[in-house]
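What follows is one chain in structure tokens, specifically the form predicted on its own.
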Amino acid sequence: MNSKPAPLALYVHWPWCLSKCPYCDFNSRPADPANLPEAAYLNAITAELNHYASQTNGRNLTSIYFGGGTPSLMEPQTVAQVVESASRLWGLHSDCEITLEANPTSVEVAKLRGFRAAGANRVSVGVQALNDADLRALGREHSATQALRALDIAGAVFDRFTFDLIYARPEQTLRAWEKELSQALAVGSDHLSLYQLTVEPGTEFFRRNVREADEDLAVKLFYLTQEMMQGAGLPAYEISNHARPGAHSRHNLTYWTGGDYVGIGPGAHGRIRDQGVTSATHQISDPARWLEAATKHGHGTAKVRILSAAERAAELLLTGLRLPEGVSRERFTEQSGLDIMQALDPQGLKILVDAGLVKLDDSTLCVSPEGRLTLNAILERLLV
């Protein structure tokens, strides 16, 4: 008897923004909304949906995520047509989560009801800060007043909404962050994404030599964040994501637990497992080149690479150890083909266990709260 096909998530990338934020290292481009090739883009997206649906027959979608860039620059009808195509090609799980990222500018907020009618049932609002000076420093196009108004509307239109804030910003103090986080909690969302600022190569902040918060302050800000969110009933379910019980992002949990997902649009990545082998898909990053390829060939895939057992094991640890519950040993073996001990350096593991940074038992490998502060260093010690 054949086992039931594994569920699948779908990511759809919209690469354009009103402007490029100086901290952003995502695949995004500033563009004039009046001159975006939206109709051609929709046709290319539809072609890629057909292409990948033919390779993943019989697998219902558990989530769809419109990310970017700024997908709220799309027209709601474009979103509706993508959702309709995905539903027709794969079928949607009965409680399929459909998330769309939006910014709090007045033009985009005016579309929220249209996006809800188009099929989105969850919205993620890119707020980033709740004071105007820091919003200007972060290159955002909205004010704090606009942000709070957008969140009010999001809460009225959607049963589920979340928003992002960045902390450890230049010159930010513990007291200022405490006040801002209290203001954020008063909004009443059941999910918050709270990211420490990192200055990535290739960004405007990197070129300007903007400095990250010093290590001691960053640690204090992290622990303050955990304490306040835990006290408000939104504990961390991933290093940077906090939610009330049942309000976790199902789509992002697909990534963190090693599930399968199709990536559509310029620069999107995917992971598709078939007969015990996981393939990594990578779409062409440049929007113009991707659009040309998808229009001509039915997809804009730059490459498809079969992951070795060791590569897949490293990915599963990199993502899974971000979760408080860690990595299920049984699921790890199912997804990588390896026993977890085959992927770990015994000496490094012992050092980390003795230091109280890592815990390993018969069912799970996980990292302590203190360990999650230095997860990259821990992974370097753990991996063979």
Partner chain sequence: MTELSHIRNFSIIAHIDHGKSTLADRLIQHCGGLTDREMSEQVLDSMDIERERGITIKAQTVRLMYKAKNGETYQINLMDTPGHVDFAYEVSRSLAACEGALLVVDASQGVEAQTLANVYLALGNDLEIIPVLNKIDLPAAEPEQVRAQIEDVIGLDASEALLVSAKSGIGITETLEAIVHRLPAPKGDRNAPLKALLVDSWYDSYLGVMILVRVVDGVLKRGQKVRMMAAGSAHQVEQVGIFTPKIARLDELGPGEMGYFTASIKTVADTNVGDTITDDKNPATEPLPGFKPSVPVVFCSLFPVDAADYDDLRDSMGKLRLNDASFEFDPETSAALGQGFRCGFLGLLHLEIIQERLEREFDLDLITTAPSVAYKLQLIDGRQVDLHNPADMPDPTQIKAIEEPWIKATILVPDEYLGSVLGLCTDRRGEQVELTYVGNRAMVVYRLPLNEVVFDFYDRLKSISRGYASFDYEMDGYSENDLVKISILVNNEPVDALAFVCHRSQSENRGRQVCERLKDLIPRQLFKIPIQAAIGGKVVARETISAMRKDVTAKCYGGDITRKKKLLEKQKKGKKKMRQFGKVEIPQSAFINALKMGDD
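Residue numbers count along the first chain shown, from 1. Remember, it's a predicted structure, so these values are computed and weren't measured experimentally.
Keep in mind the form predicted in complex with its partner chain is missing from the figure; the text below concerns it.
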(request) Sort through 172-180, 155-163, 190-198, 138-146 and report the only stretch with a non-hydrogen atom within 4.5 Å of its partner chain in the predicted bound form. (result) 190-198
(message) Under a 4.5 Å heavy atom criterion, is L357 part of the interface with its partner chain in the predicted bound form?
(response) yes
(request) Using a 4.5 Å heavy atom cut-off, state whether V210 contacts its partner chain in the predicted bound form. (result) no
(message) If we define contact as a non-hydrogen atom of the residue within 4.5 angstroms of the partner, is L318 a contact of its partner chain in the predicted bound form?
(response) yes
(request) Evaluate R322 for contact with its partner chain in the predicted bound form, applying a 4.5 angstroms cut-off between non-hydrogen atoms, and reply yes or no. (result) yes
(request) Identify, from the list L352, A47, A53, A31, the residue with a heavy atom within 4.5 Å of its partner chain in the predicted bound form. (result) L352
(request) May I ask you to choose, among R250, H299, R271, K111, the residue with a heavy atom within 4.5 Å of its partner chain in the predicted bound form? (result) R271
(message) Check for me: heavy atom within 4.5 Å of its partner chain in the predicted bound form, for each of K20, V83 and A118, yes or no.
(response) no
(message) If you apply a 4.5 angstroms heavy atom cut-off, which residues in 349-384 are near its partner chain in the predicted bound form?
(response) I351, L352, A355, L357, R372, L373, T374, L375, N376, A377, I378, L379, E380, R381, L383, V384
